[in-house]
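For reference, the chain that follows is the form predicted alone, supplied as structure tokens.
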Amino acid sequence: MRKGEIIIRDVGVCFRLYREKVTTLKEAVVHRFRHLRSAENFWALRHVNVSITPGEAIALVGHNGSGKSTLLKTIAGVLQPREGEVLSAGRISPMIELGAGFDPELSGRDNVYLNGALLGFSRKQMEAKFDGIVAFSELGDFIDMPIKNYSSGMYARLGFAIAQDVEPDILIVDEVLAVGDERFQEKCKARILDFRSAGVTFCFVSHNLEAARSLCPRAAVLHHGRLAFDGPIEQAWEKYRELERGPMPGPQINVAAS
């Protein structure tokens, strides 16, 4: 495979659902055997096939619960498919949950180094990146404040500033342009366009047509975990609106023996 290539082959992601609430150890023991015998399977994705070439930009669209974020997390390796496979080549930078892995008791500075280590960078490499990350985040002296005292906007700015400095081959973005003030959103968008110009493969989830159109010429429409359309973004958005107007079938749940 070439760097930046992604192949999603007949992917299915399934979660086990347990209806009964367990609040005590005794209840857990009593209900354990019942759950071992049967449980409800919820297929968040089923039979999804998408191929993305190096340097291509694709938006994932669909109503809430359609499986967009699940597919992004599967591409990023956060979730493993029950069926099929996801193949990718190169470094992946997932901007899915900005600030995931932050320690609220530590300062912004310490969290930069902590996140760098989680991303596979040495302390020396992060020292070289540090000033640029702080400058992008615009946190200034707040970088030495415990992040438990940060506002949600400051939290998101630091998360994006770290994620954008990874130099990825594949960039995965889930609605992060909806965080922070308008000026910072435009700054994030400009940085993403820089990645696009550099030939970075780009996967983007958004409910904002204008944002998706400005970043991606292609879109895949997901509907209750299935791929409903894959093609030019304008046609994809028409399909998305058509599905929104139609009847909403129930979730894909079946009772299966363990």
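The numbering used is simple: start at 1 and walk along the sequence shown. Remember, predicted model here, so these are calculated numbers, not experimental data.
There is another form of this protein, the form predicted in complex with a small molecule, and it is not shown here; the text below is about that form.
What stretch, of 58-66, 190-198, 209-217, 226-234, brings heavy atoms to within 4.5 Å of the small molecule in the model of the complex?
The contacting stretch is 58-66.
Could you check which residue among E138, E175, D165, E83 gets a heavy atom within 4.5 Å of the small molecule in the model of the complex?
None of the other options qualify; the answer is E175.
Counting non-hydrogen atoms within 4.5 angstroms of the small molecule in the model of the complex, say which of V221, C203, I52, A44 makes the cut.
When the small molecule is considered in the model of the complex, the option within 4.5 Å is A44.
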